[in-house]
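Just one chain is shown here, as structure tokens, and it is the form predicted alone.
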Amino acid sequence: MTLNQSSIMKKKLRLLVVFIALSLPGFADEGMWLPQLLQALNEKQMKKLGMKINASDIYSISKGSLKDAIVSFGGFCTAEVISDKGLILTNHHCGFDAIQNHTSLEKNYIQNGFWAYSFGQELPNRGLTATFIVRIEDVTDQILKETAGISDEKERQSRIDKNLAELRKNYKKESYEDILVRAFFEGNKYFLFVTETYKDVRLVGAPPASIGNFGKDTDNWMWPRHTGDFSLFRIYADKNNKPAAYSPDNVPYTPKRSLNISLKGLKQGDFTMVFGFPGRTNQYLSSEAVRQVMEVSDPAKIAIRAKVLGILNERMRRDEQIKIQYAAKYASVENAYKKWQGEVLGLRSSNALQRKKDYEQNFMQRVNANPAWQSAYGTVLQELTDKYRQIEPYALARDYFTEILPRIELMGVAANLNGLVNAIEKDSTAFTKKKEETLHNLEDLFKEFNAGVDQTLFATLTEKMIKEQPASYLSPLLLERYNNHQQQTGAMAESLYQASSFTSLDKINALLNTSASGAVQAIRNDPAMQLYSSMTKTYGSEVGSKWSELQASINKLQRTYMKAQMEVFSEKTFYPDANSTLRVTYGNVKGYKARDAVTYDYYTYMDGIMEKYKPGDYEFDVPQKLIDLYKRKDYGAYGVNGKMPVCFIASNHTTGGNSGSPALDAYGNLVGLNFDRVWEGTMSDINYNPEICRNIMVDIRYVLFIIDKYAGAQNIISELKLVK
């Protein structure tokens, strides 16, 4: 690198630093930070809070660093490498779908747990991946090239897409690497992530759900918590340690870096850091957007999911097979359902809407005092308010559509078969190949399908949609069938499920056992496909297109508002919203005051499990072996003064996607596994409040205790690097 190149790069970094943050954080605990910028932005503050390592130990491309032990697990969670043989640790709920897929009535790994005591016993998982970040680069100039004078959003996006395609074409990378480009600060900045994805990920161990999901629905999003929310997988590679599809010849992956595990534990005020892939936050919304979330969108989605959960809960409690089939779906539905409830509660109790309005008033006072700002930003907030009010009915209808259709598996089957029809119409010679792909997808769907349950869901949810949405937003065919059945959705559902061939894989195989043209005709004539087509067409023309048009205007205004905030409040810290890219968040171990006269400590112990224990209960039963270990105080090297630590909380700013993220101590050692947030602080995605926002982690010593003393998996323990 020449001196001139070095000077230019340093100048760009300084400009980026100014763009992101012109001062130290207002709240030390808040923020989801890009790891490659920690040295410039955060290192000094992190060390002030207690960190003992350097930013280069966290992220480096010239040497092994902590980032090389962090993986995106399946694209929906985080995991971390904890041995030199590719062993990775994530949450039980992150690995639950894989656990469920291997579960049957004969081998009930959900109920009994699963442990591989040798490499040969580890179970492959079709489609499950583990993705590493190789390096991160600022590509704003390349992506936004020739966009400055474009006012039309579609035209601007088209230019960005062309720039992205050009970047992908010319970017130099290894054949086994890929690149991912993400927008930051509402499209004002862009970063490129070079990734390496491994496609052979095998299940190694998981505790029974009575440990891994102890407390289930009641305790979800709550503190105090006593959940051993972990599972273990292993990454496999080819003989050259490179990504490869599953093969019996693959070998355990040798990582660039694996985490050391500390048995020391933590105390009040200790530094903690969470490293992972947070999904989505919206910290910089306008007050009107927050009002819509709090008063319209969240309540609607909560009500829909309450109906779904009521049906599933009743059927799962009566039938063990249905319980196995729908366990992952139930957990997924319930997770967001309860999160949205906490979000509304937190937004209201923290007076978030008024705080936003006060912030906007301050913003406008500054804007109006500066002629240049007034010209550029003087109307942006009012325009945002107007657009949000216009989009509200369409956004609500969209919530109904996107919440209801995915809960009805019959519509999911129709969507898969509709994709087959579209593929055949484009290329009839591809019928055999596309048919096999579709049947492959449907095999997985039908493993978790019960026609009776689905019929009840259809009847209940379509009734809610029909009664609560304007007729103009509803499918004419749905309304016709509803009226033909005397406005009884139960009768309408029974008729549909009896007449459709989409209710079993055998019927679908028979339907497709013909020519391409015959299959297309049979699919189109099925009453479920006719209804699916009518519902999606109506949604697209009456809701989706109008929502998209308004949302494009909002996106443009939000980009301007984001830029304006960063200029107008030059003394304020601005970190980028989460967008499923690698981030670091840091804070300290601490309790919190939930409400008047209710203050929580920062640690829980196994004593609390036994206090909650209810023999035979769906949520709070405990395996007898765990009870026996507790009675004997047989905690091995993992207990402290006759007690077994289970979970702890800290002020790390986390969100969905951070599930499975490692909790690291001041030296970068693994001390816990992030899995949740406290209910009062779930509004942190929109309005972070340092007084009550806490993330919940299972103590690594409890994880080791379960692996060692409960499962007797010494083969796993022997792989780990334990430090005191």
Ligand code: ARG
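Residue indices: 1-based, along the sequence shown. Note that the coordinates shown come from a computational prediction; the quantities given were computed from them, not determined experimentally.
One more form of this protein should be noted, the form predicted together with ligand ARG, which is absent from this view; the next part is about it.
Shown alone here, His93 lies within 4.5 Å of ligand ARG in the predicted complex, counting heavy atoms only. Contact check for Asn335: a heavy atom falls within 4.5 Å of ligand ARG in the predicted complex.
Interface membership of Lys216, defined by any non-hydrogen atom within 4.5 Å of ligand ARG in the predicted complex, is confirmed.
Although the partner is absent from this view, Thr536 stays clear of ligand ARG in the predicted complex, with no non-hydrogen atom inside 4.5 angstroms.
Interface residue among Ala331, Leu87, Val421, Ala289, judged by heavy atoms within 4.5 Å of ligand ARG in the predicted complex: Ala331. Among Tyr497, Tyr326, Trp221, Tyr400, the residue placing a heavy atom within 4.5 Å of ligand ARG in the predicted complex is Trp221. Comparing 33-41, 64-72, 669-677, 46-54 against ligand ARG in the predicted complex, the single stretch with non-hydrogen atoms within 4.5 angstroms of it is 669-677. Heavy atoms closer than or equal to 4.5 Å to ligand ARG in the predicted complex belong, across 654-672, to one residue only: Ser659.
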